[in-house]
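One chain is shown next in structure tokens, namely the form predicted on its own.
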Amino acid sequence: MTQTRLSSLTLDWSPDWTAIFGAERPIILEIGFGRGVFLAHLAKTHPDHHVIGVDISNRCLDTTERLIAREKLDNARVIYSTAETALAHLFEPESLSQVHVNFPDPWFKTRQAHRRLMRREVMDWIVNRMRPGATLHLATDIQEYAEMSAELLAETPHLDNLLPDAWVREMPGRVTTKYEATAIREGRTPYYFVRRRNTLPALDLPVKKELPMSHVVFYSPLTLEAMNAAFADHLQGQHHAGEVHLHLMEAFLGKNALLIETAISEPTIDQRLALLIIPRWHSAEPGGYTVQVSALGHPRITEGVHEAVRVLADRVIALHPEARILHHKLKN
């Protein structure tokens, strides 16, 4: 029987892995596990470890969950999550004994560079999460990606090279994945990297916890219908604050609320959620409203969510000269 799927949208930040697995063991992380062949091999050859895979492909998640159930791999679990979200929110510093990255998407176009896994920000998280003596394993079949990764790793003094060169073209004893076999058959010989975490202090990157719920209470003589009518011209649009990028996308007027579809992008998590403008029917002051986050879709309350609530409230307040904020609960 397949276990309930884990997701970074619903797991605690950070989870109690001992409670989830029913035992306390060192953790091996595979980022992007494809069909699960390599992850299953890790679980079988490391029965004294928890083996955790993260991926955002539902097809890969379904296939690997069935494989784990079929092989009865009680020490393996998979999580719906990006690498950035998992590293920042799900794992404590020095909690990983191995990290495996097999054939990541290169994302070579300039506009897609922020999606690339092997980049400085992600490497800093990986280094912080590895315990001294832990190993990082990377495989790619793209020479340009190998060269880029070699340069990044050379600029990471916290990782010692365990190979005679920056990479090797063969790795005896390694299980071959379906993608890997296809690459070799098509004449693309993979590049393999192995690095070991030394004792140099890493950047201070504690687990990013969820913030308290945010809201803004305000007064406005405008009705929800008037706010909705003004949305396209005055409320809709993008906003950037530091590393937070948000987009107030569409408005949907209901009987008792105005729902704003909102996209929020932060360094460690992207979310699409709903903000609500709700009349305060029991307020002592007529015209009272609250801007808050809808529970729809399991939103995680982050700095970006606080910023989105703030921006929407500010834009609504600006619609009328008599409108004003009464009180709020926002991160300063």
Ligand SMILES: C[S@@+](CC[C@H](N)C(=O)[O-])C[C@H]1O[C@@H](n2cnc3c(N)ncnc32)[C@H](O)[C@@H]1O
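Because the structure is predicted, anything quoted here is derived from the model rather than measured. Heads up: residue numbers just count along the shown sequence, starting at 1.
Omitted here: the form predicted together with the named molecule. The next part is about that form.
- With the partner removed from view, the residue among Leu222, Leu152, Ala83, Ala146 that has a non-hydrogen atom within 4.5 Å of the named molecule in the model of the complex turns out to be Ala83.
- Residue Asp105 is the only one of Glu250, Glu210, Glu243, Asp105 with a heavy atom lying within 4.5 Å of the named molecule in the model of the complex.
- With respect to the named molecule in the model of the complex, the three residues Phe33, Ile56 and Lys178 uniformly fall within 4.5 angstroms at the level of their nearest heavy atom.
- Of the candidate stretches 47-55, 288-296, 66-74, 263-271, only 47-55 contains residues with a heavy atom within 4.5 Å of the named molecule in the model of the complex.
- Residue contact check for Leu276: none of its heavy atoms lie within 4.5 Å of the named molecule in the model of the complex.
- The named molecule is not drawn, but in the model of the complex it has a heavy atom within 4.5 Å of Cys60.
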